[in-house]
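This document starts with one chain, in the form predicted alone, laid out as structure tokens.
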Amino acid sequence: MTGGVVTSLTPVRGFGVDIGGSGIKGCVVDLDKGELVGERVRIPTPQPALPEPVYGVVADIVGQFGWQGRIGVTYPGVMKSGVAFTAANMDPSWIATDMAAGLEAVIPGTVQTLNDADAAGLAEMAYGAGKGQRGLVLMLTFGTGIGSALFIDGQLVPNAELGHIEVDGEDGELRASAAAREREGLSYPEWALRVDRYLDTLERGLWPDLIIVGGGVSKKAHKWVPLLTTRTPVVPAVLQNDAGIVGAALAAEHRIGQ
């Protein structure tokens, strides 16, 4: 699937919802092209980000499009068989919550759940910067935290939580996420030094062939990616901040996820 997308005469469409620590966004997706169909809807993540209010926002977004089929929904943490196992940037009550069952109770249709970075990576491997790439590809999404997805010869290795790898005595995402840049008022050159340090740590253990960087900050990739000094080629995500929505819809169509 990740090596290419078969185009049919009748457009194949899906629906994806991307849950983040600060916003929840969703849209219909053209799965032949890997593009959103129309304007996405984004609603701020409820605070505190408890399961029931989040389910309500997802249902609202799906309802605004009148979508009735399968949907893919991402979660910013480890997902196994529809159950959330971590909640680094969400309320702790998510841990051990059956997210798939909770969503299916308020949304008509079947829900496919998966990690948010895994979804973004699926989209980039199918349609974007990783299309046709062999070897070990690392997808990193910089936002409230740092999401990560690993692919070996195009195949997803799910739930790689590399944002929490220790760098200089603390979680890498505490210093190198996009939220950390905003929180501390760092310039892009200052922040790039932190990202460099984080990537150096990953490279020592993984030796990837390509690193794709996504999340909202990928829109400003020209301000910081050229400043990185990693040995691995680093390229910005082609789908940028829409990758999670596209990947979620793709996962629902092909039954990919945990």
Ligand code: BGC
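Residue numbers here begin at 1 and follow the sequence given. As the structure is a prediction and not an experimental result, all values here were calculated from the model.
Another form, the form predicted in complex with the ligand, is not on view; read the next lines as being about it.
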query: Contact label in the predicted complex: Q133 to the ligand, heavy atom within 4.5 Å; finding: no
query: Partner proximity in the predicted complex: E173 to the ligand, non-hydrogen atom cutoff 4.5 Å; finding: yes
query: N89, heavy atom within 4.5 angstroms of the ligand in the predicted complex; finding: yes
query: Proximity of N115 to the ligand in the predicted complex, heavy atoms at 4.5 Å; finding: yes
query: Interface segment, criterion being heavy atoms within 4.5 Å of the ligand in the predicted complex, picked from 92-100, 124-132, 73-81, 183-191; finding: 73-81
query: Neighbours of the ligand in the predicted complex among 154-177 [non-hydrogen atom within 4.5 angstroms]; finding: E161, H164, E173
